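Shown here is one chain on its own, the form predicted on its own, set out as structure tokens.
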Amino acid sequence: MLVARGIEKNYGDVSALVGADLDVAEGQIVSLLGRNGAGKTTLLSVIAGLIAPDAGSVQIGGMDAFAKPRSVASLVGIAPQATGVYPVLTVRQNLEFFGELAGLDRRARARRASEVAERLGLSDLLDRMGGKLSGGETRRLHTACALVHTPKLLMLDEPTVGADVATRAQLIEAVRELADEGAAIVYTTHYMPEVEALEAEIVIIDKGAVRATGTQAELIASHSLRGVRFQTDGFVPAPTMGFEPERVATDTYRVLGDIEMPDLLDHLGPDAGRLVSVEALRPDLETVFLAATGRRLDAEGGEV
């Protein structure tokens, strides 16, 4: 459904995208995983035709998205990070308005408004003004507006930012159902539990480039790290036989391989008392991200 190749985008001296590729088949969920500023939003904006790339190509449904933007528009639904709900319209009016923009007739707009409202838990709120919704309700309506014309390719950019636990779970369930019905879905996030819940194909993006692609199991098998990460009070550990500390941040080091915490203490000897913290690196999605990008990811999408 989606084939993007060699996408590049520069803003002056800043390279937002550096030859990024992305493939999404019908019925597939692909999660773009990356920290804030990695290029996720820029890539989605290029695919949706919202910004022009400096290089690259995009095919949607077998059509050249740049040469035939109007032809592919009806195939695409996008819910950007910033919510686009009209506060002076009711939930129903918001949904029908976006349906009209997508070319649905009056009967189809009314039907689809009811259908997507039910799917995202908005049926009891159809007559409530958009400006009177809670944060979670607004986020669900924002996503519903991208679904109202039944897109073949759905792109959700950080759809659960600021959402409560119930909204997060509801959105995840809706995304999985849509994929089961044949939609191709791109889901950007920096929240790893969502990636796991979606059972998505994972594309790790960092500094505008794709660093790794695969299922969670494949990525853990090929990219994950084992070892220890530790912080000192300023003490610089010296390498010894089988012990090669790598500095990864201020006073923070890691040693990769089959080393456990007792081994670390043995290697440091009397200087073990200068440890501030010690963390075991286990094969999981977090260490995959660390291995692929050289940086960790915190829960807010920043660098640790």
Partner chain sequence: MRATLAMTKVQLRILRNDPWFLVIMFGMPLVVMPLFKQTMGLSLVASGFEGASGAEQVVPGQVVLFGFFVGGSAGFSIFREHGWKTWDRLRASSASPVSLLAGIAIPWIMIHVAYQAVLFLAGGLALGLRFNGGSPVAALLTMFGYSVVVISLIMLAASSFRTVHQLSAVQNVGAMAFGGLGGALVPHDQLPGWAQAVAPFTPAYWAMDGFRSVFLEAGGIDDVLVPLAVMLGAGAVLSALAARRFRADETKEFFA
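Numbering follows the first chain given and starts at 1. From a predicted model like this one, the values you see are computed outputs, not experimental measurements.
Beyond what is shown, the protein has a form predicted in complex with the partner chain; the following relates to that form.
Student: Looking at 264-272, 246-254, 65-73, 32-40, which stretch has residues with any non-hydrogen atom within 4.5 Å of the partner chain in the model of the complex?
Tutor: It is 65-73 that comes within 4.5 Å of the partner.
Student: If you check in the model of the complex, do Val203, Ile220 and Ala280 all have a non-hydrogen atom within 4.5 Å of the partner chain?
Tutor: Not one of the three qualifies.
Student: Is there a non-hydrogen atom of Gly49 within 4.5 angstroms of a non-hydrogen atom of the partner chain in the model of the complex?
Tutor: Residue-level check for Gly49: yes, a contact with the partner chain.
Student: Is the gap between Ala82 and the partner chain in the model of the complex 4.5 Å or less for some heavy atom pair?
Tutor: Yes, Ala82 sits close enough to the partner chain in the model of the complex that at least one of its heavy atoms falls within 4.5 Å.
Student: Flag Ser114 as yes or no: does it have a non-hydrogen atom within 4.5 angstroms of any non-hydrogen atom of the partner chain in the model of the complex?
Tutor: Taking the distances in the model of the complex, the answer for Ser114 is no, it never comes within 4.5 Å of the partner chain.
Student: Is Phe98 part of the interface with the partner chain in the model of the complex - any heavy atom within 4.5 Å?
Tutor: Output for Phe98 is yes: heavy atoms within 4.5 Å of the partner chain.
Student: Given that the partner chain is left out here, which of Gly214, Gly162, Gly182, Pro87 has a heavy atom within 4.5 Å of it in the model of the complex?
Tutor: Filtering the options by heavy-atom distance leaves Pro87.
Student: Within 4.5 Å, heavy atoms only, which of Arg109, Lys152, His190, Arg119 is in contact with the partner chain in the model of the complex?
Tutor: Selected residue: Arg109.
Student: Residue by residue through 114-134, tell me which have a non-hydrogen atom within 4.5 angstroms of the partner chain in the model of the complex.
Tutor: Read in sequence order, the lone residue that approaches the partner chain (within 4.5 Å, in the model of the complex) is Met129.
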